[in-house]
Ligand SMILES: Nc1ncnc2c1ncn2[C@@H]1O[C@H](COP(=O)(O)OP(=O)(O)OP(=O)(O)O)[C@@H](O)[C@H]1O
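Take a look at this single chain, the form predicted alone, given in C-alpha cells.
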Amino acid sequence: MSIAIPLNTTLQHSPSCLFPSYSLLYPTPLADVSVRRIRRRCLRMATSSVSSAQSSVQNGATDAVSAVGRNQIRLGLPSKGRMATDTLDLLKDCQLFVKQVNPRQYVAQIPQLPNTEVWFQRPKDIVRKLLSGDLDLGIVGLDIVSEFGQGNEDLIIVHESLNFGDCHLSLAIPNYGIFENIKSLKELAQMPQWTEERPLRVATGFTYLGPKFMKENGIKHVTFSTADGALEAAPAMGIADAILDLVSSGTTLKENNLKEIEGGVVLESQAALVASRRALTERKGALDTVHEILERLEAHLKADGQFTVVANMRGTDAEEVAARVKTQPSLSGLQGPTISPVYCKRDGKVSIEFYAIVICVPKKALYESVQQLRAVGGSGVLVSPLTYIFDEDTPRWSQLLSNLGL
C-alpha cells in the first residue's frame, strides 16, 4: 500500500520548511544552498512520515489503538453464505435486529444492544480477531474455532449449539481399488502400503486438526496437502489417497465414490457463540452484553419446536382433573400441567363446571397429546406455537461465570 504526501503540503504546514521570501525573489549562491538544504530536510520528513504510516497500516497499529481505546462491544458475524443468513435469522428470532445501512458495508448496529457494533467477517477471521482483541464476541462454527483457535485458552465457548450449521469433520476414502474393503480407521492405519517413503496422502483445508487427529490415533506415515475446495476430486485425480473435509448429508461424497469410515470423524460441529476471555473480564459492559444475548438465545432455542396446548375439561375439582391428566404420559408439560377453574354463569349464578388445562408439548408429540387430552375428556383444544421459554436462570450463564472464575 502506498501513501502519497504532496511536498507542497508539507512545506506549508511545517514551520521548519519556511524560508525567507527574498531568497526566492533574489537568488544568490547562499540562498540556493539554503533552499537545497531545506528541501532535502523536508523530503526526509515526508519520507519518514510515509514510512511510519505504511508501517502502521501493515502492522495493524491503527486497529490496535482503536481496539484498546474503544468503548463499543464488537460482535463478529459471518459475512457470506448460508451461515450468514442463518445467523441473522436466529438473531431476528431473538428480537435482535441487525441494521445495516448499506449491504456493502462491513459494520452494522443492533438497536436492542446500543453498546454493540456488528462486524461482518469471514469465519476464520472472526476467530483470529477474537484472539487479537479486535472482536469481543462472535458467532462461528465449532470446526473453525477448533482449527484456527488451536486450543487457545482465551477463547470461551459461551453457547455450543445454536441449532444451525450442523456438520462434522470426517475422513473419507474411495469406495474402490485398495480401499474397497476398508471400513474403519484402524483398518486404514494397518494397510501395508503406507511407509515412510510412501505415506498416506490426505487432502484437506484443516492443516491443524488433521495432523493432530492422526497423531492422536497413532497413524505415523501420513502427509497432508492443503486445499480449500473440490477436495472430493483429489483421490480420483491421483493427488491424494483420502480427504478430510466437512460433511453435512454425505451426498457429495457418495456422488464422487467416496465413503466415511468408522472412527474417522474428527469432530461434530454447528454454530456457536464464542467470546474472548480477556474481553469478558476486562472490557466494560462486555459481560452484561453476553448475558443478555445468552438469555435471548436460550429462551428462543428452548421454545423452538414447542407448543402451548389449552383444553377445557369437566370435573369436580382441580385435583380430580389433575389426576386424570397425569394418567397420560404426553401431558406432563415442563413441570406439570397447569389447571385453573373456568367460571360459568348458569341461571344467574356463577359456577365451576370446567377446568382449563395448559401444557407445553414438543411438536413431534403434538397430535398424540391432543388425542390423549380428548381421551380424558378434554374439549375445545387450542394450540399455539411458543416463542420464548425463560427459565429462572440460564444454565450456561452460571457455567460461563464459573469458567471465568467469577
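Nothing here was measured: the structure is a model prediction, and the numbers come from that model. Residue indices: 1-based, along the sequence shown.
Keep in mind the form predicted together with the ligand is missing from the figure; the text below concerns it.
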Next item on the list: Check whether Pro111 has any heavy atom within 4.5 Å of a heavy atom of the ligand in the predicted bound form, and answer yes or no.
Entry: no
Next item on the list: Answer with yes or no whether Ser269 is in contact with the ligand in the predicted bound form, where contact means some heavy atom within 4.5 Å.
Entry: yes
Next item on the list: Spell out, yes or no, whether the shortest heavy atom distance between Asp166 and the ligand in the predicted bound form is within 4.5 Å.
Entry: yes
Margin query: With the partner left out here, check for me: in the predicted bound form, does some heavy atom of Met83 sit within 4.5 Å of the ligand?
Written below: yes
Next item on the list: Report the stretch among 303-311, 245-253, 96-104, 181-189 that approaches the ligand in the predicted bound form to within 4.5 Å, counting heavy atoms only.
Entry: 245-253
Notebook entry, point to check: the ligand isn't shown here, but in the predicted bound form which of Ile293, Ile173, Val274, Ile144 has a heavy atom within 4.5 Å of it?
Noted result: Ile144
Item checked: Lys326, His221, Arg128, Arg122 - the one with a heavy atom within 4.5 Å of the ligand in the predicted bound form -> Arg122
Checklist line | Residues from 168-183 in contact with the ligand (non-hydrogen atom within 4.5 Å) in the predicted bound form | finding: none
